[in-house]
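In structure tokens, one chain follows: the form predicted alone.
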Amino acid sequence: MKNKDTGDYITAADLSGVLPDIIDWAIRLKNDDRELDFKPLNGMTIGSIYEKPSTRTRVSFEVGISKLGGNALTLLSNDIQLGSSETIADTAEVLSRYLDCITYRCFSHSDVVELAVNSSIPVINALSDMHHPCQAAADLMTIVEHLDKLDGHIAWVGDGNNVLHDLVLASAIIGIDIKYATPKGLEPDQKIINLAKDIAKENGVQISQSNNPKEVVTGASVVYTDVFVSMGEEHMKSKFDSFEGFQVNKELVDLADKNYIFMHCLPAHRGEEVTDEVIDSKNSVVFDQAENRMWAQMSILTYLCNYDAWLAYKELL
């Protein structure tokens, strides 16, 4: 039976001790022009379960696994009756006998936690209703790539959702101040914010909350937004009305540092949370950010599945 001595990646806090190295490793691999025969996942099969449709998550994992020499096995919602005809615990036991790692894009965060608890192989949260740690790793990787010295802070404008949860955690871990503005009543989960603040204290990071987008964007080096209504919330039409004044447009970004970068985890609803003028501007790095999902996940996969190879490559850098 396989084991997971390096743990799981269910929230950004799970790799808090090594997240800076995870990101640095990913950046160096992305820019490594040497013809290395580096296949740390050779002979391994990574199973990816999707309860939700996906473009970036599925493609980035499948291509990244292939680049690392592994075999990607994708299981869609119709392929596996997780939690219905078979319990999550039993499924975890079975898949642990076949696979070397599981990635899971699900609706309920409790499901990915249960899968991880009952798996003897590493489990990666590829998105749940509460957390999106792979996105956070890609986000901080993008910020590090584009800003040699961060003079300002990260400004989040939008919903207090899963992306924000791990962005705040990752920012606290990496050591970058973050300010977030959400509509009243749509603030992030306070338990997650409290955890991020505990980490922030250790790293000298400031985390600030507001309901005023202009307040958080002023002087920001990074301006970040996401869709106002997430996948699975389409029935909550009244929620959209809460975002009056939260659109990221030229008037708002003019308050940021002149060399700010604009970020969005995509897909974007152009004309709603962001204007074309902003997302298509020279300040926008949204497609670099999307590409970095693959590189960041490759670092995470190698770390969790073949730590010796991850460490050996790190020492070569």
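We number the residues from 1 along the sequence you see. These figures come from a predicted structure and were not determined experimentally.
One more form of this protein, predicted together with a small molecule, exists but is not displayed; see below.
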item	value
Every residue of 8, 96 and 102 near the small molecule in the model of the complex, heavy atom within 4.5 Å	no
Stretch from 208-216, 194-202, 124-132, 174-182 whose residues place a heavy atom within 4.5 Å of the small molecule in the model of the complex	124-132
The small molecule contact in the model of the complex: residue 227, any heavy atom under 4.5 Å	yes
Contact flag, residue 265 vs the small molecule in the model of the complex, heavy atom cut 4.5 Å	yes
Partner contact for residue 163 in the model of the complex: the small molecule, 4.5 angstroms, heavy atom	yes
